[in-house]
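What follows is one chain in structure tokens, specifically the form predicted alone.
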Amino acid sequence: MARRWMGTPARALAVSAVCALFTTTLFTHTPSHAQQATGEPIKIGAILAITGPGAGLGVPTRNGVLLAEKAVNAAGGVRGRPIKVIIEDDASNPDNARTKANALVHNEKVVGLIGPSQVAQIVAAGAITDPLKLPHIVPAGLSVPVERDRKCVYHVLPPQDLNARALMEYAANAMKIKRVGVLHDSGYGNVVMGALKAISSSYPGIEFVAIEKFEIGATDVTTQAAKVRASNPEAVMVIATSGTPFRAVKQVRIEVPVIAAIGSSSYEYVKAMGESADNVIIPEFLVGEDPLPDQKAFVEMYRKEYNLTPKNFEAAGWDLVQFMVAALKATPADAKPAEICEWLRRPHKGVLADYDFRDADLTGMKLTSFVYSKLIKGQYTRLPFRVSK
């Protein structure tokens, strides 16, 4: 699809460097004299899953990244210089992610890294960025203990225990059910399932009556779905990054409500679900059909650019770039990577959510930030339920 910029530089959206409470402000109007950035570009690396099983995450993130790059440059770039986001596809493979990270850091001399899209790939790329204290912002939640020791990696999606709590809050307090079946993949789903088990004691009224795992990239999981159905659950949680398990739920005629984790919330996955998407409930952050007031400007801008409705990963891509640019603007031109990294360690206001990168989970996101939606005929409808504390 051809990409075009709608509006003039005077109306472009930019990032303010710092505000009084060290919060990144994303939608401030630029002065009327703002000019398109020129000169030698400042390189930012990005590794995303553009192909492979993780493409449903990486492709929408890429769209948000490219939109942010255009907005920043239309608003004058960084100290008058444009930014250039060099995007590489890791094909959803950790070895590729490490190789791409090495090339971006040592050959392209990028000032920071965005991505990858998936847990194993993030860990692999972090092995390159961490020794250099290179700023590293990723479109995923904190997932494995090794990341807690990497002080220059920050996350713009919730840690998996928060995803787990969001699922359990809806089951326990909105649906008030007791018997839950789970169908999850061996990657992202396995991590969230581990978090669900860890927090289950906080929800003593809920019992996991069946937990079935399938491999990432599997094309048929009807056997596992049938086992979940046989356990007679009152609801089924599907935790995966593909449309396959949702189709399986439909094929084996599971009639109870389906609650999905945020990893399934992209329109790419909804398309893959087909008619199986109807009535799936998702705890998430951005319902493009009904955005929260501080998300409307981004949604309108995205629609004008792509003629599509954005979701969580598009907004995450936007936020990733804007936070990196804010740090570059706020630090000296000759700042060392560790100085840029240190500046990032503060609160930031994003389109997706509010963050505090000082927090131990490297996101600072709160359970109260979640909104809940239901898919109806391929479109998201925001539900009234919110977590109150």
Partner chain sequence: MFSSLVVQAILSGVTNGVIYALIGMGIAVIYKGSGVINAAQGEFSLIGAVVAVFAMKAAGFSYPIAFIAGAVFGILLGIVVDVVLVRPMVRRKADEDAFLLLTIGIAFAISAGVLFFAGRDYFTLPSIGSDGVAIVFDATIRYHAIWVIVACAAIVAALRFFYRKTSFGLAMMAASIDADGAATTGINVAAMRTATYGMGGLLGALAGLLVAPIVPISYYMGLVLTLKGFCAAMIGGLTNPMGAIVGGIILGLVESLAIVFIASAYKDVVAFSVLLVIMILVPQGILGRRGRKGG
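What we label the rigid core is the largest C-alpha set whose atoms superpose within 1.5 Å from one form to the other. For clarity, every value in this text was computed on a predicted model and none was experimentally measured. Residue numbers count along the first chain shown, from 1.
The discussion below concerns the form predicted in complex with its partner chain, not included here.
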Fill in the blank from the handout: Exactly one listed stretch (215-223, 282-290, 297-305, 314-322) reaches within 4.5 angstroms of its partner chain in the predicted bound form by non-hydrogen atoms, and it is 215-223
Handout entry: Residue (of Lys271, Arg79, Lys176, Lys151) lying close to its partner chain in the predicted bound form, criterion heavy atoms within 4.5 Å
Key = Lys271
Practice task
May I ask you to choose, among Ala353, Val59, Val65, Ile340, the residue with a heavy atom within 4.5 Å of its partner chain in the predicted bound form?
Solution key: Val59
Practice task
State yes or no: in the predicted bound form, is some non-hydrogen atom of Ala55 no more than 4.5 angstroms from a non-hydrogen atom of its partner chain?
Solution key: yes
Exercise for the section: Considering only heavy atoms, tell me if Ala330 and its partner chain come within 4.5 Å of each other in the predicted bound form. Expected result: no
Problem - Heavy atom of Ile50 within 4.5 Å of its partner chain in the predicted bound form - result: yes
Problem - Heavy atom of Lys227 within 4.5 Å of its partner chain in the predicted bound form - result: yes
Practice task
Go through 228-260 residue by residue and record those having a heavy atom within 4.5 Å of its partner chain in the predicted bound form; state none if no residue qualifies.
Solution key: Arg229, Ala230, Arg247, Gln251, Val252, Arg253
Handout entry: Displaced residue check between this form and the one not shown: Thr219, CA, 2 Å or over, core reference
Key = yes
